[in-house]
Each structure stands twice: as structure tokens, then as C-alpha cells.
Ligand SMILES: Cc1cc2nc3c(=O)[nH]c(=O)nc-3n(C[C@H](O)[C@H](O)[C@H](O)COP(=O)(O)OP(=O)(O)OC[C@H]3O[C@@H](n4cnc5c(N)ncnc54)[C@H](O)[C@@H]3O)c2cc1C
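Coming up is one lone chain in C-alpha cells, specifically the form predicted on its own.
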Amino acid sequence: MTFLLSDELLAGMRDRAGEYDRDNAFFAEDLADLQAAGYLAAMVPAGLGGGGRTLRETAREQARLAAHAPATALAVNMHQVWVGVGRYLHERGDSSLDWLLREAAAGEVFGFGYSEPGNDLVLLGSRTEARPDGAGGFTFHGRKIFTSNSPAWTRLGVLGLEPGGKGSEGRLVHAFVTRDGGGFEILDDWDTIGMRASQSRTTVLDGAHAPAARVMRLLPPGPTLDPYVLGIFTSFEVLLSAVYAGIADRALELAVDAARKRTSMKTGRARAQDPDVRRRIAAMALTQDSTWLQIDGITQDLDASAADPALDRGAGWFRATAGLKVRVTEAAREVVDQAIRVSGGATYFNGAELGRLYRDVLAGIFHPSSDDSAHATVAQSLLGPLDD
């Protein structure tokens, strides 16, 4: 597999990652480098001006980026998710997001404005009000959290609930607003223990407007197999998993390096000769082998399913990708934890890369799908829905 991002470019990002984390600063230089490399259009089909990369290729590249600059990778992920959705639809004959693919190729940066405080329905409901403008568009009013790329997005995908009429429930409105259109406030509230450079700040929507041409779907609340929602869910879960797999890959590298360099005063031998250390590192590697088998397998099927209906799992994609996200993020936390045990107390200092990875990897538990949600999805696939 060939990669778009050079080793030299990634090394520069690793050098800056600690500074961004220390200063709680946005990854502005990294973003400029990624744009110059054409990375934000990597998944855009070649016919629409992009790199034509597959989901599998992008997942692998995202992991490489995360191994060098985790917060940069996480934030860029939210842009790549939208490009992934556009590609997913385009490959299945739906051109409704071709405009997004063209704009991504032209340099626009997309943000993901779906997460809300206390909303565990995620794609199935919203606390944000979507008010009709009388011309087919909507204005949005509500609070979005974890809005990555807050300083830089130029287009923001949003979800809101249309007010229902008498005796009826409103529709969920999937749409895009623009930065220069206003109607929102970005709060300076991102002061977290990890993933600091992502600057995933709270966005307060108060009249942000999406014209009719940027209203992508009007759907009833609740579960749906609409390709737009399937595209969001699968792209989000797969690319997110790749970021955390990349963090774990780097933790394994650092553990191997530490084991070779550290020496036991008790034995006078390198820690790499300690059977306990060797077993820990072997267990980490076995975990990563399994992780990549899962990511590669699911992304290959997703890529191929556009042309081969036999590979299309339909509703089964929810189970497959939600399970992937939970397994990969939990495994990544364990790998980083074991790497710290191998590497010793120096990792406890803020300047240590592995200490930063320990803080960054924790964010994986907060992204959807949660552990509880994934288990509920799998239970429903096996046992059917709960009785009313």
C-alpha cells in the first residue's frame, strides 16, 4: 500500500504534537501541511478532483497520522468522515453529496456538529431545534459539543429536530451550514486532559441557516436504513477506530524501544531479556494483529459492497462497525497501559510521549458508539427489540 503522507511530513507533526498539547493549541501548522499534501481530498473520487483513495487506504493512513499526532488525526477524522459519506453515496449512485466532494477537493474543511449534551440517541434524535425558513431551508437552535476543527471548519454538518405539528412528531433534519453564514457562537471551553490540539469546542447554534440546497435528509426519528445515515455511521466508526489503532501501534513501538534501552540493576541485562516484559510486549502485538485484521476486513467489505451486493450487510453494518469501535478503543487503552508498565516511571511526566498517549487514548470511550450502546445493538440483532 502506498501512502500520501511522507515520513518527513509526519515526523514534523510528531515534533509539534507535544507543543500543541502543552499549550492547548489548535494544530494549525499540521492542517496547512495536510491541505498542501492533498490529504483532505484523499477519498474524493478522482473524477471529482480528489485522490480516489479507498476507505481501507484512508483508515491505514489515518492510523499512521495518529501514531505521530493523535489529536490532529482525531480532528481531521471528522472532515474525513464527511468525505467518506459522500464517497459512500456516490459509489452507490446517489449524487446528493457530490457537491461536498467537490468542495473538499477545492479546499473546504468540514466539521461534525451532531453530538449534544445528554443525547444518547446520537443519529436517531436531537435536542437541537430545526426551524423551517419557509423556502425549504432551516435555521438551527441548540448546543453541540465535541465539535472538532472548531477554529478551522468552513462547513458544518448539523442535525436538528423539526417541530412537530399537532399530534405528530417532527422530522430529523440533516443539513450543512457555513462559517461565513453566522448564526452560531464557538465557546472557548476546550481544556481537557487529552486530545487537546483537536480544539473540539462547544458550538451554540442560534439561527445558523441551511438553505434548501444544503438540506440533505428529512427523516423520522428513530432507526433507519437510509444510506445517508448508514454512510455516516460506518465512516465514523471505522475511521475513529483507525485513529485509536494508530495510537496503540505507536505505544507498542515505544514499549519495544524502552525494553531494548532500559537495563535491570538486578540482572544487569536489558529489560528486553526479562520474560515478563517479553510476554507483555508479545500480548500487545497479538492484540494489534487482531485489531488490524478487523479493520482491514470491515473496510474491504465496505469498499467492495458498492459493486457487490452480496457483501452488503444492510442493518448488519451497525453491529459490525459499532462492535469494531468498542473493541478497538478498548484494546488500544489496554495496549497503552501495558506500554507504560514496560516503559517505567519516566512516562508519568507530562513531557513524555507515552504519557500523552495515555491521556489521548482515554477519549476513545466518549465517542459513539458507547460500550452500552454497542451491546444493545448486538443484543437487538440477536434477540430482537425489547418489548414495549
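Model, not experiment: these values are computed from the prediction. For every residue, the number given is its place in the sequence shown, counted from 1.
Quick note: we don't show the form predicted in complex with the ligand, though the next part is all about it.
Peer 1: Each of 42, 88 and 179 having a non-hydrogen atom within 4.5 Å of the ligand in the predicted bound form: is that the case here?
Peer 2: Not a single residue of the candidate spot has a heavy atom within 4.5 Å of the ligand in the predicted bound form.
Peer 1: Using the partner position in the predicted bound form, report whether residue 148 sits within 4.5 Å of the ligand, counting heavy atoms only.
Peer 2: Judged by the heavy-atom cut-off of 4.5 Å, residue 148 is in contact with the ligand in the predicted bound form.
Peer 1: Does any part of residue 160 reach within 4.5 Å of the ligand in the predicted bound form? Heavy atoms only, please.
Peer 2: Looking in the predicted bound form, residue contacts with the ligand do not include residue 160, since no heavy atom lies within 4.5 Å.
Peer 1: Considering only heavy atoms, tell me if residue 299 and the ligand come within 4.5 Å of each other in the predicted bound form.
Peer 2: No, no contact at 4.5 Å.
Peer 1: Would you check, heavy atoms only and a 4.5 Å threshold, whether residue 171 touches the ligand in the predicted bound form?
Peer 2: So residue 171 does not count as contacting the ligand.
Peer 1: Of the options 138, 114, 184, 233, which one has a non-hydrogen atom that comes within 4.5 Å of the ligand in the predicted bound form?
Peer 2: Exactly one residue meets the criterion: 114.
Peer 1: Which one, 208, 255, 81, 74, lies within 4.5 Å of the ligand in the predicted bound form by heavy atoms?
Peer 2: By the 4.5 Å criterion, the partner-contacting residue is 74.
Peer 1: For the chain seen here without its partner, which of 94-102, 213-221, 303-311, 139-147 has a heavy atom within 4.5 Å of the ligand in the predicted bound form?
Peer 2: Answer to the contact question: 139-147.
Peer 1: In the predicted bound form, which residues of 125-144 put a heavy atom within 4.5 Å of the ligand?
Peer 2: Just 127.
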